[in-house]
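The chain below stands alone and is given as structure tokens, in the form predicted alone.
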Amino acid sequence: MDREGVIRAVVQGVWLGWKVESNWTNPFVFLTYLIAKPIASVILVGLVFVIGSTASSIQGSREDLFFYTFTGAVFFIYPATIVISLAYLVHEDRAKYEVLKHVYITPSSIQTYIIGRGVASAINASVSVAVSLLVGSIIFSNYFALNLPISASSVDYLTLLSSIPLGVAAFISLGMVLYSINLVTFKLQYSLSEYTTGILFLLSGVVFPPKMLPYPISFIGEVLPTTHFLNVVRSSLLGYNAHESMAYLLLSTILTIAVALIFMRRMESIARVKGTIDRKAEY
């Protein structure tokens, strides 16, 4: 398929993903859902920090620690939203739409369709991240005296904006892996996505650095693209040099994409042999 066809397929995937995720209600209710859920999660993490830091009598670096935890929780919305959305794609299609089998027999690649669905989820996640960052900072600065050490003049906007598409590419690739597993299995879609995002939350330095974990678990955390994504985001928000973390993010993203493409091709071959591509979820 030529470049124009690829772009058209991705755009159609984005459009379809947006319609599937937003067309179940009116725009106001959907926007409320899109904003309320991540804000609640971020505030919950922040309150856990407030309670824990107060109980342990943390003083000097309290705001720095809060910045680490708060930004980790906010920007983890990206991998959580994208990975869960793509992991759930197979079950959603088998139970409702039954279109994946038709995509497989068209000239368009299923990978471009999945990329489009992932981009749609990334757009929704971007709205949630922006609102959560704004509302959360207002709440914790006004009511808990926890100010984020972020200055609009010192933020490295170029690095920050460059890290987001790289991170999204890595998270879509992770979602492809889960999609491929669900393509050849049955009734794993819920547990697989929840377990995966839970492991990423634990190992990726969302609320504490991976090096605090015992080896070799800490090593696994250090090589995850989610870890490097959060490192770049935090450094760029503070205006620090993030070139090393950016290089690691780029490398880990490329490796994740390569693994996802190879794994997906293998799982699709198995699915064709087992006849699970056109399986229906009949409960």
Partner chain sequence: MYAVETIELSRVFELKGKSILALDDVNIRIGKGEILGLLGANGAGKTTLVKILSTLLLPSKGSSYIHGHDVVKEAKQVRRIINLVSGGETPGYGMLTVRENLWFFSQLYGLSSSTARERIEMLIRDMELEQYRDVRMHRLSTGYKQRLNLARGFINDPKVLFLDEPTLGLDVINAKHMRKYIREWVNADKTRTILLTTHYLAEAEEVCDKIAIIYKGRIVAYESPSALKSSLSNGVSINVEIFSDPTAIASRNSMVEKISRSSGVLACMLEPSGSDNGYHDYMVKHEGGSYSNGRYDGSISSDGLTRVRIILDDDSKIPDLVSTLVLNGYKVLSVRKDQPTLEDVYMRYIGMREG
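Only a predicted model underlies this, so the values are computations on that prediction, with no experimental measurement involved. Residue numbers count along the first chain shown, from 1.
Not on display, but discussed next: the form predicted together with its partner chain.
Annotated contact segment (heavy atom within 4.5 Å of its partner chain in the predicted complex): 91-99, selected among 74-82, 159-167, 91-99, 127-135. Though the partner is left out of this view, Asn142 does not reach within 4.5 Å of its partner chain in the predicted complex, counting heavy atoms only. Mapping the unseen interface onto this chain, Thr106 counts among the residues with a heavy atom inside 4.5 Å of its partner chain in the predicted complex. At the 4.5 Å threshold, heavy atoms of Lys280 reach its partner chain in the predicted complex. Taking non-hydrogen atoms only, Val273 approaches its partner chain to within 4.5 angstroms in the predicted complex.
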